[in-house]
Ligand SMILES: C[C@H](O)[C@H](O)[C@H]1CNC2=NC(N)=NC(=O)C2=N1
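So this first bit is one chain, no partners, the form predicted on its own, shown in structure tokens.
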Amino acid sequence: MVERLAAAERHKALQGVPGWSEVNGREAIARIFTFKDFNEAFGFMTRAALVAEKNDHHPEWRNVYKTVEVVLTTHDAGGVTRRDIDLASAMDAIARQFGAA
């Protein structure tokens, strides 16, 4: 089992993933990605899903047209872990390939 990041570790780790922020009221991080259209948003989700599945770490997410809202937390650790930060970083790299805002 992976260890939950302490508050100071979480704040420091978030500096490495600009655009992600802590979720009010729970130990999780979130980001909203905006793409050119639905096709790009769905393409992002498809590629991110492959990374998530490979790492056995799955996001909470929602897609409406060209927007993808993502929340990351490690449920069995009860909060944010290194796995969430790593997946956030991977999602950022994928989103950049699509020119997301």
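From a predicted model like this one, the values you see are computed outputs, not experimental measurements. Residue numbers run from 1 along the displayed sequence.
This next part talks about the form predicted together with this ligand, which is not shown.
**Q** Heavy atoms within 4.5 Å of this ligand in the model of the complex: does residue 37 have any?
**A** It does not: once this ligand is placed as it appears in the model of the complex, residue 37 has no heavy atom within 4.5 Å of it.
**Q** Is residue 47 close enough to this ligand in the model of the complex to count, meaning some heavy atom within 4.5 Å?
**A** Answer no; every heavy atom of residue 47 is more than 4.5 Å from this ligand in the model of the complex.
**Q** Applying a 4.5 Å heavy atom distance criterion, does residue 66 contact this ligand in the model of the complex?
**A** It does not: once this ligand is placed as it appears in the model of the complex, residue 66 has no heavy atom within 4.5 Å of it.
**Q** Give a yes/no on whether residue 62 approaches this ligand to within 4.5 Å in the model of the complex, heavy atoms considered.
**A** No, residue 62 is distant from the partner.
**Q** For 1-29: residues with a non-hydrogen atom within 4.5 angstroms of this ligand in the model of the complex?
**A** The stretch does not touch the partner at all.
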